[in-house]
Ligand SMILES: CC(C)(COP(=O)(O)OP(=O)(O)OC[C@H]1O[C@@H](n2cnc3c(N)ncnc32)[C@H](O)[C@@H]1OP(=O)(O)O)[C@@H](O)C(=O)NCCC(=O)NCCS
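Read the single chain below, which is given as structure tokens and is the form predicted on its own.
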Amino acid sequence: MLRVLETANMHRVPSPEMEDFDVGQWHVAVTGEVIVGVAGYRLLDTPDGPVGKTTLLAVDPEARGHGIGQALQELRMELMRDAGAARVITNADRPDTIAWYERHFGYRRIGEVPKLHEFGLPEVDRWTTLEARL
């Protein structure tokens, strides 16, 4: 998993941005015996019921363009919905990823938060927070 996450500079775990892999659920995409994609989520308890919170999503650059990211995202949205969440929130720093979430999954921008540590795109110091209905 760390090898794939490193391709997106999301491998510094634990860190202020990602405390541990034990938080939530993790799923991988495998080609042969090699992990080529990773996605995680967790459920947040709120007074209005559970809310999905995506953690990390990365696909090995050599495996991109084959729908792996799309399949991992669809899987985690389905699992969060099945667990009772009516909405999901995520943070992203890559403009193309933000547009992908908006275009394919109906996310909308709801704010920004500062990064706590170098994670993702080093030249971007904020996460764009997005939300979607499940």
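All residue numbers are counted from 1 along the displayed sequence. What you see is a predicted model, and the numbers here were worked out from it, not measured in a lab.
One more form of this protein exists, namely the form predicted together with the named molecule; it is left out here, but the text below deals with it.
K.L.:
With the partner left out here, if you bring back the named molecule in the predicted bound form, are Ser15, Phe21 and Arg42 all within 4.5 Å of it by some heavy atom?
P.N.:
Checking in the predicted bound form: none of Ser15, Phe21 and Arg42 is within 4.5 Å of the named molecule.
K.L.:
Please determine whether Ala8 contacts the named molecule in the predicted bound form, using a 4.5 Å cut-off between heavy atoms.
P.N.:
It does: once the named molecule is placed as it appears in the predicted bound form, Ala8 has a heavy atom within 4.5 Å of it.
K.L.:
So in the predicted bound form, does any heavy atom of Thr46 sit within 4.5 Å of the named molecule?
P.N.:
Contact check for Thr46: no, nothing within 4.5 Å of the named molecule in the predicted bound form.
K.L.:
If you check in the predicted bound form, is Gly69 within 4.5 Å of the named molecule, heavy atoms only?
P.N.:
Gly69: contacts the named molecule in the predicted bound form.
K.L.:
With a cut-off of 4.5 Å between heavy atoms, is Val88 one of the residues that contacts the named molecule in the predicted bound form?
P.N.:
Close contact is absent here: in the predicted bound form, Val88 is far from the named molecule, nothing within 4.5 Å, heavy atoms only.
K.L.:
Within 91-106, which residues have a heavy atom closer than or equal to 4.5 Å from the named molecule in the predicted bound form?
P.N.:
Counting only heavy atoms within 4.5 Å of the named molecule in the predicted bound form, the contacting residues of 91-106 are Asn91, Ala92, Arg94, Thr97, Trp100, Tyr101, Arg103, His104.
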